[in-house]
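Okay, here we've got a single chain as structure tokens, the form predicted alone, with questions on binding and movement later.
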């Protein structure tokens, strides 16, 4: 139905949402036929909570500007920090309250 993970990268080897060596980058996907059922939100919240528990100060991602998932990311505290062509790098600070993500 879906998969989600985060991992850290280096300046020399990174994904599109890279911001720093100590900020993991999120990857998430949900099968098209299962979207809009809350799966992505549940996966995202679990990863946010795991990254905070593991002591990461923030999490980042890259999303196309017209991707409907951008609204999900913003609703869980991700904010756009840099535009690359038609995609945005977004970051969520661990200092943000988790209560608002549910």
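Numbering follows the first chain given and starts at 1. Since we're looking at a predicted model, the values are computed, not measured.
The protein also exists as the form predicted in complex with a small molecule; that form is not presented, and the subsequent description refers to it.
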| Does any heavy atom of residue 76 come within 4.5 Å of a heavy atom of the small molecule in the model of the complex? | no
| Any non-hydrogen atom of residue 67 within 4.5 angstroms of the small molecule in the model of the complex | yes
| query | So, in the model of the complex, is residue 58 in contact with the small molecule at a 4.5 angstroms heavy atom limit? | reply | no
| Does the small molecule come within 4.5 Å of any heavy atom of residue 50 in the model of the complex? | no
| request: Tell me whether 14, 20 and 24, taken together, all sit within 4.5 Å of the small molecule in the model of the complex, counting heavy atoms only. | output: no
